[in-house]
Ligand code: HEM
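One chain follows as structure tokens, the form predicted alone.
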Amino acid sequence: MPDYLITWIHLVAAITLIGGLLFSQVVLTPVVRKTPSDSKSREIIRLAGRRFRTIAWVSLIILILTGAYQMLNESGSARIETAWGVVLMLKLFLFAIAFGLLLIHDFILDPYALSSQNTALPASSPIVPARADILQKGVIVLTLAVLLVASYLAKI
């Protein structure tokens, strides 16, 4: 497969992940929070969160596979010991932290696993738990930082 196609797939996966996270934080959650807190609002968040979780993890797997391919194909051991290698390690470190936070968000806190009996929570309870919301914002910041470092890396 041509290298430019691998790069394109890598970029599409990154756009899908970051775009979905931003949509969730900037559009979906605020709109649902402004609607009356009923079971339908909670069900919308739960269904959208479940659907995006699948898309996000497919994107992450694609990012890991295409990133590893690119790193093995173009970096070589001589480049790892240069400034380029240091910046690459920073990018991988930020990605690893974002990956870990997303693991905690999706599989430990799991804000989208509300059962039908839990949708009858009091109106005062948050639609998205605060911890999950903060973790998701942290993942967004980290993935945007990875994107910034990747942009810098392309110029070295």
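All residue numbers are counted from 1 along the displayed sequence. Remember, it's a predicted structure, so these values are computed and weren't measured experimentally.
There is also a form predicted together with the ligand; it is not shown, and the following applies to it.
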Legend entry - the ligand in the model of the complex: contacted by all of G49, L103 and L109, heavy atom 4.5 Å: no
Legend entry - Interface residue in the model of the complex among L92, V26, I44, A113, criterion: non-hydrogen atom within 4.5 angstroms of the ligand: L92
Inset, instruction - Identify which of V141, I134, L11, L22 has a heavy atom within 4.5 Å of the ligand in the model of the complex; exactly one of them does. - result: L11
Legend entry - Proximity of A130 to the ligand in the model of the complex, heavy atoms at 4.5 Å: no
Inset, instruction - Answer for V86 alone: is it within 4.5 Å of the ligand in the model of the complex, judged on heavy atom distances? - result: no
Inset, instruction - Would you check, heavy atoms only and a 4.5 Å threshold, whether T35 touches the ligand in the model of the complex? - result: no
Inset, instruction - Report whether the minimum heavy atom distance between A56 and the ligand in the model of the complex is within 4.5 Å. - result: no
Inset, instruction - For the heavy atom contacts within 4.5 Å of the ligand in the model of the complex, list the residues of 142-156 involved, in sequence order. - result: T143, V146, L147, A150, L153, A154
